[in-house]
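One chain is shown next in structure tokens, namely the form predicted alone.
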């Protein structure tokens, strides 16, 4: 039978080890090169005429993960949270990067706009975890309608200009 003192010592060492590991991982920082602060000529706002209200919604709800201009929250400095955010941003930009939207072919732009429209409709974007931590990403029904209509109209205008 293991005595209470041995169990206490083991628990103490486990806790101490976890604290040391937590402190050590703070020095392994993810890449934060996603803060250009510049609006590229290929940005969707330079490629298409976006009304201010729609652009404001897009910037507040989408640009952190889908552009080259991420506003990192304070908790992104705490690992492993920072690593998870970096992975979400990498995945988000791989799906669509609004900073480089103008460099896509017309066909790809149409496809991406249709995909965004559908994801807003079915509520899969912004991601639920992002919405939970970012109040501005919790889109109202009216905001969703504005974005969906703008994406649809823009997609239709691209289709007509083929």
Partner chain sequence: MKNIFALIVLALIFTVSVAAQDSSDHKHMDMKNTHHDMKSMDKTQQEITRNIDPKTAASIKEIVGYYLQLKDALVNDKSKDAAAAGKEIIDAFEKLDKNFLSPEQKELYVEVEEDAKEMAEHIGDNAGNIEHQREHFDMLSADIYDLVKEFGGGQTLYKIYCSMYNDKKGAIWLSESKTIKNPYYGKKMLTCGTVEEEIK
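What you see is a predicted model; the values in this text were computed from it and never measured. Take the two forms, find the largest set of C-alpha atoms that superpose within 1.5 Å, and that set is the rigid core. Numbering follows the first chain given and starts at 1.
Beyond what is shown, the protein has a form predicted in complex with the partner chain; the following relates to that form.
The candidate site formed by 41, 53 and 93 is entirely out of contact with the partner chain in the predicted complex, as no residue has a non-hydrogen atom within 4.5 angstroms of it. In the predicted complex, none of the heavy atoms of residue 49 sits within 4.5 Å of a heavy atom of the partner chain. Residue contact with the partner chain in the predicted complex: residue 114 places a heavy atom within 4.5 Å of it. Proximity of residue 24 to the partner chain in the predicted complex falls outside the 4.5 Å heavy atom cutoff. Using a 4.5 angstroms limit between non-hydrogen atoms, residue 32 is distant from the partner chain in the predicted complex. Residues are counted as partner-facing when one of their heavy atoms sits within 4.5 Å of the partner chain in the predicted complex; in 50-89 these are 80, 83, 84, 87, in sequence order. Fitting the two forms on the rigid core leaves the C-alpha of residue 12 displaced by at least 2 angstroms between this form and the one not shown.
Once the cores line up, the CA of residue 28 ends up 2 angstroms or more apart between this form and the one not shown.
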